[in-house]
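Take a look at this single chain, the form predicted alone, given in structure tokens.
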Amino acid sequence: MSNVTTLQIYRGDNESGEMVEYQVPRNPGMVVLDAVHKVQSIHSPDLAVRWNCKAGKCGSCSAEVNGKPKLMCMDRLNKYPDDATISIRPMKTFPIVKDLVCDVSWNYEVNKKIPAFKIRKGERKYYQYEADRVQEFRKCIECFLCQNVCHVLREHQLKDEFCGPRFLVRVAGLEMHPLDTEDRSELLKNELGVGLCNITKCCTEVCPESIAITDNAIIPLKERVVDRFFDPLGWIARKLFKKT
């Protein structure tokens, strides 16, 4: 086994940059983030990289490793051939601040649009299966890998029209909670753009928490919007009974 790992890391900002090659010693148990820290220690202390927990729970060290969106702290070097060159780039969907650090502040602006939990009055009992259904969505660590691979955001840059899978997960966690009474269907249709999702499941594939984003969050939300705004029988019933 080779004791040296070759990395190609993006160096630059949103205006210009290049891939720079580094070689660092490879030790047993190392992950890609360890190798990046080695580059900082040995070659380039000004290399910018965001990280925090180094345990796959903070979502800070998201990047594209050999073209695949990953958490660098969970990607072990022994998965790659000894003679392989590992390419590390920042997430493509967001503006680059410097090197591997992206500006993800747009996500937090989107989050402000979503009405908070509104608890129902009266009895507050519910079944365990109802709790389990929404608990899955609470696992999100906001790594934004799902946002990064979403074609609507990545290729079409429709950030003004579509919130992305991460925030459809958040809405699902609220809408499907048995004690929540807020109606977010109009927001989903008009501002969050749930109809723009084309169900490719790429967001589900990259989720480090294995959340079934497409099947359990996005599709049920699409169905709610369709029932509310595009079902002719439902429209007639609301008109007859004067319901909104």
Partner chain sequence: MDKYTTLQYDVIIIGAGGSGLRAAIEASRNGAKTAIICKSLLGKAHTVMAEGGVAAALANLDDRDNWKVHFRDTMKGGKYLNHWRMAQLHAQEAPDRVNELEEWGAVFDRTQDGRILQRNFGGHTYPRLAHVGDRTGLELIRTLQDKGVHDGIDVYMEYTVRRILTSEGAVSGCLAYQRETGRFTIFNAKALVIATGGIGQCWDITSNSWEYTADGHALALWAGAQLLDMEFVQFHPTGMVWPPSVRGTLITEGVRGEGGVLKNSEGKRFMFNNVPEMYKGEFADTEEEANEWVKSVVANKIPKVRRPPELLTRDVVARAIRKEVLEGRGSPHGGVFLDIASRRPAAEIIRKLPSMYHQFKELADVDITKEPMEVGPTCHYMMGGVKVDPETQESTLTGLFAAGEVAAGLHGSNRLGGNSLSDLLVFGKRAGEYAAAFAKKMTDYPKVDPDQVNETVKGSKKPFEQTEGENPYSISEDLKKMMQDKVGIVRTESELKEALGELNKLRERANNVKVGGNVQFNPGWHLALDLRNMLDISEVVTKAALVRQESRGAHTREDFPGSDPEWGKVNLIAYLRGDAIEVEKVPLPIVPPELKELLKD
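Keep in mind the model is a prediction, meaning the values are calculated, not measured. Residue numbers count along the first chain shown, from 1.
Beyond the structure shown, there is the form predicted together with its partner chain, which is absent from this document and is the topic of what follows.
With the partner omitted here, the residue from 30, 212, 199, 196 that has a non-hydrogen atom within 4.5 angstroms of its partner chain in the predicted bound form is 30.
In the predicted bound form, at least one heavy atom of residue 34 sits within 4.5 Å of its partner chain.
Within 4.5 Å of some heavy atom of its partner chain in the predicted bound form lies at least one heavy atom of residue 60. Under a 4.5 angstroms non-hydrogen atom cutoff, its partner chain in the predicted bound form has residue 41 among its neighbouring residues.
Residue contact with its partner chain in the predicted bound form: residue 45 places a heavy atom within 4.5 Å of it.
Proximity to its partner chain in the predicted bound form holds for none of 121, 151 and 171, with the criterion being a heavy atom within 4.5 Å. Interface residues of 73 to 96, taken as those with a heavy atom within 4.5 Å of its partner chain in the predicted bound form (partner not displayed): 73, 74, 76, 78, 79, in sequence order.
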